[in-house]
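The chain below stands alone, shown as structure tokens; this is the form predicted on its own.
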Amino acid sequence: MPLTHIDTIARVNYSEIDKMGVVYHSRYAVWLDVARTEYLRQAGMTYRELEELGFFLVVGDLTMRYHRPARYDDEVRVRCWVRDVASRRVTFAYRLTDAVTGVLLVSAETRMLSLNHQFHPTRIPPEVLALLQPAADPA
């Protein structure tokens, strides 16, 4: 059965908040990276193994919509899934919620481009495409 999505949990630490007491906006991008990397691992291949196959998946586009702030010591659930796949691109989508209340904090998407080690666009290998099955947006 193909992987439809994964959930990771991040607890907001003090170094991640700004003077207003909310998570600094760039910290969310780090949590997206953690979730995306874990998605690949649970699908059956680590990012290191992807690199050993001769290619990188790099962020070509990142969009985030902030709905509500996360604050110090909150637990944030980061849900990640594959929204779309093409021969040289994979789009991951994310939904970040308060892990206790379920309140939506951030919705996001990253379009990952496939590059070879010379940083030229390249096709995603078939064995990797088989792991990256698009799924309907989970609730």
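Sequential numbering from 1, following the sequence displayed. What you see is a predicted model, and the numbers here were worked out from it, not measured in a lab.
Heads up, the form predicted in complex with a further copy of the same chain isn't pictured, but that's what we're talking about next.
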message = Going by heavy atom distances of 4.5 angstroms or less, which of 83, 88, 41, 77 would be at the interface with a further copy of the same chain in the predicted bound form?
response = 41
key: Interface membership of residue 59, a further copy of the same chain in the predicted bound form, 4.5 Å heavy atom rule   = yes
task = Consider residue 36 of the chain shown here, and say whether it contacts a further copy of the same chain in the predicted bound form, taking contact as heavy atoms within 4.5 Å.
result = yes
message = I'd like to know whether residue 20 contacts a further copy of the same chain in the predicted bound form, with contact meaning heavy atoms within 4.5 angstroms.
response = yes
ask   = Any chance residue 103 has a heavy atom within 4.5 Å of a further copy of the same chain in the predicted bound form?
value = no
query = Can you tell me which residues in 107-136 come within 4.5 angstroms of a further copy of the same chain in the predicted bound form, by heavy atoms?
reply = 111, 119
